[in-house]
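Shown below, as structure tokens, is a lone chain in the form predicted on its own; questions about how it binds or moves come after it.
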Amino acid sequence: MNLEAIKPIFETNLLAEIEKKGTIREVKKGDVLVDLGEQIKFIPLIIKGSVKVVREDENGDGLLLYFVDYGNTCAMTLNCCMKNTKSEIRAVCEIDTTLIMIPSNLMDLWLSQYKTWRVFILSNFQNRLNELLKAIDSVTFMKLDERLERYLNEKVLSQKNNILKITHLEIATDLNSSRVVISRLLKKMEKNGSLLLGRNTIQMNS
């Protein structure tokens, strides 16, 4: 098991525990990692790739909450592990992603045993809370063109790549908008020099 991505995060004894009790999982782009109503039995620790976390209402309309990249985990998943409740979110892989699946029953035990695990868990809760507040602010206070620009920039940061392989429909779904409106805004951004549109690709200009 290659633990290079998380070596700076955890102490030696904990790394040994992760290597012993964790399981490597390879997940393809577009695959659902965690689904709505699913009983969480593992803590997904991302060592390569990116995952988007989406919340859906009773009508099936989705809202992007945040992205999770390498060296991090999903706070909503952690919350389900702590409360032993079913998932209220859907986590979808943005690109091909590699994870270490840690049994959820180890979460509390490691919290009491390893300082670096406590710091990791609390930091992820804080970071994801900040992301949730940003998502609320975006919907409440920002215009759609501003939300679109933030969304694209966050995807670039999450994927570590300024060329995004994504359709206009995917973006519209994440932003709870229509494909026609998103296409119009993207063309406006291209005209302004912010990006370059290709076939199912968007190249962001720095």
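Just count from 1 along the sequence shown to find any residue number. Think of the rigid core as the biggest set of C-alphas that the two forms share within 1.5 Å after superposition. Predicted model only: the values in this text are computed from it and were never measured.
Unshown form predicted in complex with the DNA; subsequent notes refer to it.
- Site annotation in the predicted bound form: the residue of K160, K28, R179, K48 reaching within 4.5 Å of the DNA with a heavy atom is R179.
- L144 is the sole member of L144, I40, L152, V54 with a non-hydrogen atom lying within 4.5 angstroms of the DNA in the predicted bound form.
- The stretch from 168 to 176, 152 to 160, 64 to 72, 29 to 37 that comes within 4.5 Å of the DNA in the predicted bound form, counting heavy atoms only, is 168 to 176.
- Taking the partner from the other structure, the DNA in the predicted bound form has a heavy atom within 4.5 Å of a heavy atom of R184.
- The DNA in the predicted bound form is approached by N200, whose closest heavy atom lies within 4.5 angstroms of it.
- The rigid-core alignment places the CA of L197 2 Å or more apart between the shown form and the other one.
- After superposition on the rigid core, the Cα atom of K165 is displaced by 2 Å or more between the shown form and the other one.
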